[in-house]
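Here's a solo chain for you in structure tokens, the form predicted on its own.
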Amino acid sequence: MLIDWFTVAAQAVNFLLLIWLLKRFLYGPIIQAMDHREARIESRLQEAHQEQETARKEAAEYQRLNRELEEGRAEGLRQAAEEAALHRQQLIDQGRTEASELAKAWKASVCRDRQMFMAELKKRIGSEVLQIARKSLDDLTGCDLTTLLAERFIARFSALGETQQANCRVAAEKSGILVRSAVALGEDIRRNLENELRRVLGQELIISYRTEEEMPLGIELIFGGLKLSWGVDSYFNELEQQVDRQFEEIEAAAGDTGRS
């Protein structure tokens, strides 16, 4: 068999030409189109990755903001609760203070009323006792109550111990003696009283008198910081203490009723 080399060469050239043509007009555009598509896909993948990263960052930021909001809300609630508790305590303290002030004012008012009542009671009782005693003595014995009271006072003053008389003498020498009485003392009573005072305390003694209608029945000697009295004060004081105890029992009963 003879080989036609020309034909072989022609077939080889045709084959090479076919390959070039296929590469030039078929495989080349296809590979180029595939490269372009791969590039677009890679670009979209990168964009998707960037969008995913952006979404992740936005989600993290949202979570941070949400966490800060929750913390702020919790802090606000805590501060509001503390302010409410503080305001409530302030209202309670204010209420207690006002109640205490009202109680003090009420007690002061009761104390004033009680003092006024006792002063008026002592005045009226003293006046009534004085009138009754004077009238009774005058009707029964013909004696004057003031005279008897002064005589009794002089007798008690004369019976003072030496130490007491010495103290009275020192005080009287500095300031003199003030004689207080509920009614004006007569001349005979004054003379007897002055004679006894000067006999005990000294002849140069300065004696002054004062009549005070508000004073209970009795006589007082005031010299310096000392005071000697003889009258119904002690009885009035005992009466006042009894009335005070009655007031205290009434107040205690009112307090128990208020608390119940």
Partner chain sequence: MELSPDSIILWQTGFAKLNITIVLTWLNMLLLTVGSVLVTRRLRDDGKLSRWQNLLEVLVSGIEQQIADMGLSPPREFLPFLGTLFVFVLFANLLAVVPGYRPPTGSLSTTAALAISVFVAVPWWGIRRRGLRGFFGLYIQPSIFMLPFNILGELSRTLALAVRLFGNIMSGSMIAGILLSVTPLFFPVVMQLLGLITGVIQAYIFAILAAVYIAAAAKVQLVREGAGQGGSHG
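Residue numbers count along the first chain shown, from 1. Just so it is clear, the structure is predicted and the values come from calculations on it, not from any experiment. So that the term is clear: the rigid core is the largest set of C-alpha atoms that superpose within 1.5 Å between two forms.
Note that the form predicted together with the partner chain isn't included here; everything after this is about it.
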Even though the partner isn't displayed, in the model of the complex is Gln242 close enough to the partner chain, meaning a heavy atom within 4.5 Å? no
Can any non-hydrogen atom of Tyr209 be found within 4.5 angstroms of the partner chain in the model of the complex? no
Would Gly202 show up as a contact with the partner chain in the model of the complex if we use heavy atoms at 4.5 Å? no
So, in the model of the complex, is Gln11 in contact with the partner chain at a 4.5 angstroms heavy atom limit? yes
Which of His36, Arg56, Arg191, Arg64 has a heavy atom within 4.5 Å of the partner chain in the model of the complex? His36
Heavy atoms, 4.5 Å, the partner chain in the model of the complex: which of 192-200, 65-73, 222-230, 36-44 makes the cut? Say which one. 36-44
Looking in the model of the complex, the residues of 15-30 with a heavy atom no more than 4.5 Å from the partner chain, listed in order, are Phe15, Leu17, Leu18, Ile19, Leu21, Leu22, Lys23, Phe25, Leu26, Tyr27, Pro29, Ile30
Quick check: Asn195 between the shown form and the other one - does its CA shift reach 2 Å or more after fitting the rigid core? no
Exceeds or equals 2 Å, Cα of Ser43 between the shown form and the other one, core fit: yes
Is the shift of Tyr209 between the shown form and the other one large enough to count as movement, that is, does its C-alpha move by 2 Å or more after the core is superposed? no
